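Consider the single chain below, provided in structure tokens and representing the form predicted on its own.
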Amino acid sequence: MKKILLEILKKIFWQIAIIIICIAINMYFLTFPSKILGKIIDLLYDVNKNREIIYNYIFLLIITALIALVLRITWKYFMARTTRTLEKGLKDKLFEHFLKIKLTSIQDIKNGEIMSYFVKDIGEIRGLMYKILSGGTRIFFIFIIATYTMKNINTALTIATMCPIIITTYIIIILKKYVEESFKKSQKYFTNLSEYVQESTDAIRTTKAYAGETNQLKKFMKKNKILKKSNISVDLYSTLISTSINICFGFCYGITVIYGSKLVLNTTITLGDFVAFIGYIDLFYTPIYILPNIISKFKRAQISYYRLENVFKLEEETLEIDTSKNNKKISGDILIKNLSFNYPGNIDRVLDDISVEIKEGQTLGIIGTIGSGKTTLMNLLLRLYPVQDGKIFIGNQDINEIELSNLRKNISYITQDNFLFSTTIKENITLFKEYFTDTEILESTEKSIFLDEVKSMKNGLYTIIGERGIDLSGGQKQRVVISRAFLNKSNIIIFDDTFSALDNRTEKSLLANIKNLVKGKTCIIISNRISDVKDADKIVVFDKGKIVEEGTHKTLLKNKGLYNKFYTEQASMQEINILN
């Protein structure tokens, strides 16, 4: 995280330098109005005699105000540009990191928490940078420039006036600890609420279907109430800090009026110096008022920094080792030897002593009970989870010796969740790869029995579908995803429960097209339906993480085992459906 921040700050260093220089000059010019006003007051004893000088001072006052305005606009512009560049850089790096994080590290992070990283945490770091550059720099230069200018009027009066400011600063430092503690709680409750909202919106259809709106609302209101109390606590301590500042300046003005009036009467300072001195005190108000905000921002940003740092520490996959191998074709021969696997932190085995061999050009059917490890095995073929050496071989090469991006480019994996992005149909099929032509994409939709639907849409391939493909039916979603298999030229193709939402007629046509697609390639079909796997060259039956049967459709039926049971149950269900 530190390295990333330094890289971004190096790129915007010259902008930061311009901001600091502009603020320093601006703060210097802000002392001029009080000084000029004091000079004018001292000249008012004889207006007629000093008229021309007074006019010159007024003209100088206008010029000074204009210069200060230009400087302020300049540093404000660079401030916005600089902080937004920092924000963009952090979001880019964080998103890139999330794409590379190993699945074992990211699977327990909830969507609401991820959004909190991008919105809340990066926003806090950007806010701190803004406060430091805007407020911190002004505080620094005001204390130096204004204090020096006040000292030139009267040292004793300056010391007496600065005492309340120093005491208030100490009080603010004490209160900052309570601000930090209350904000930690607020951050936690905000994340919980974000996660709940995310889950609720994702499950809105289910909620409505079961009339669960009232319960959802009650839970939301309860969580929101907790967040409200936490935010009130933060606001309370912030109010205490603001009140301390107001009391501080009340004392400053009181000391200046009492002690400063005495100095004027003693002719130690002029009336103009007295008025100018009060003007200098006004310059301290904004920096002191900003100080608790900076401290509060610092503490918030510190918490956010450590949260982001923990995310950036999550181990990444190495996707690019040798780019010259990226397009190297891998043989479709797959050998799995005595493979066992359990998820990190879980002692129960998901896969237990799995051994299977598939030759290039063969089709393997996998069927089994729910949760028996079928999808887990496919995840290991893609190395989404770590695999022990000597357990999986592809093309006579240990899977761990194959460059990761090259491995995944040679495997076309059609997952069971049918995830679609809220973008065009074209980009959902190509997965944002720009080297495919529209003709190639349309051919892939034709083979996946989706071409007619595409043609019927007003914008064809460029039709934008809703979030997660909400504008499409379940069968249409599956055919969009299946189109990816016909588009990619992979040697290994995996269909993981891909045909469940298709009607029998469409499924039959699609399976015929898939037979042509997989000629000379290795194909793995995972399904809970016999009709999807019965024509495979080899079928393995999974149960509780083990392969309990292996063979062809005919031999497995003769075994009278689990496969035969599935066949009997599904045949009975088809008869029932026909009768109904």
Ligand SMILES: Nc1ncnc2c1ncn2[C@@H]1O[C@H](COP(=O)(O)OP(=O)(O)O)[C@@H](O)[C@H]1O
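When you see a residue number, it is the position in the sequence shown, counting from 1. All of these numbers come straight from a predicted model, not from anything done at the bench.
Below, we refer to the form predicted together with the ligand, which is not included among the displayed structures.
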Picking from 474-482, 84-92, 505-513, 371-379, which part of the chain touches the ligand in the predicted complex when contact means heavy atoms within 4.5 Å? 371-379
Kindly indicate whether 343, 346 and 350 are, all three, within 4.5 angstroms of the ligand in the predicted complex, using heavy atoms. yes
Does residue 436 make contact with the ligand in the predicted complex, using a 4.5 Å heavy atom cut-off? no
Contact of residue 178 with the ligand in the predicted complex (heavy atom, 4.5 Å): no
Is residue 107 near the ligand? Define near as a heavy atom within 4.5 Å, in the predicted complex. yes
Heavy atom of residue 140 within 4.5 Å of the ligand in the predicted complex: no
Using a 4.5 Å cut on heavy atoms, which of 189, 253, 285, 385 is close to the ligand in the predicted complex? 385
